[in-house]
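Below: one protein chain in two forms, given as structure tokens, structure 1 then structure 2.
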Structure 1
């Protein structure tokens, strides 16, 4: 008869907090990006003239709005990477340490 040694036990509360934090950050950042992006698409679909309004001799409103979308995507990615590298990675290490202690 073979007895299997149970593997390291995970701290359920700590792991649950880690998962909840990851989902909160991920969904919040995704929601921000989706609202802004789909807002842009809806304006493009239903009020194309607004984005084609000239604000200079050669520039329309759509160009800075499009640049804003690109920069916002970079910023949101940067926020996520900063959060993941600082807070999330530390929380993962805490979960792993708690598993090693058990």
Structure 2
């Protein structure tokens, strides 16, 4: 693989902040998804009755919970896109600008 970029001097502090912020957001959101999903699976494995609890005549808790998981998976990607498009991309531009100045 070639490394073609011109070897610019980078504002290390600014860049470091960007990388830390990116993983803070990414890992937090990934952790939320994993806790919710594996939590759901473990409830299925250990306490099925909980999800079979009736809300209404026949409806069980499991159905809204399942649909909620699907919608959550989508919303949480939306949260990331919103953060990345505003905060992250702006920070990237700042670092790039600082590289051009030097």
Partner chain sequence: MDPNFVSTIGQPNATSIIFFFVFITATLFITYWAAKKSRSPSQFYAAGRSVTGLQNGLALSGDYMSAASFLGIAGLVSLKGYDGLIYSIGFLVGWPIIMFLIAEPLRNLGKFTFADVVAYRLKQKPIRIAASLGSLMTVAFYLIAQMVGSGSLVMMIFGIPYEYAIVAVGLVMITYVLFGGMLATTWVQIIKAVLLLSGATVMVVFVLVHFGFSYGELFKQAAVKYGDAVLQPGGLVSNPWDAVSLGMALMFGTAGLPHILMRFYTVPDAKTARTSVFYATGFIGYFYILTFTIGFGAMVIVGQDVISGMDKGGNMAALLLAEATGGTMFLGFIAAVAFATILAVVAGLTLAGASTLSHDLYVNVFCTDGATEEQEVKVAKRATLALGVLAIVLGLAFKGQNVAFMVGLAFAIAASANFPALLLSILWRNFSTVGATASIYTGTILAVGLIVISPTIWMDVLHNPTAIFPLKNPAIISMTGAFIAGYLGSVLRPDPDASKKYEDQKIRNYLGVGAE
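Take the two forms, find the largest set of C-alpha atoms that superpose within 1.5 Å, and that set is the rigid core. Positions refer to the first chain, counted from 1. All values reported here derive from a predicted model rather than from experimental measurement.
Between the two isolated copies of the chain, the second is the form predicted in complex with the partner chain. For residue 61, the Cα deviation between structures 1 and 2 after core superposition amounts to 2.5 Å.
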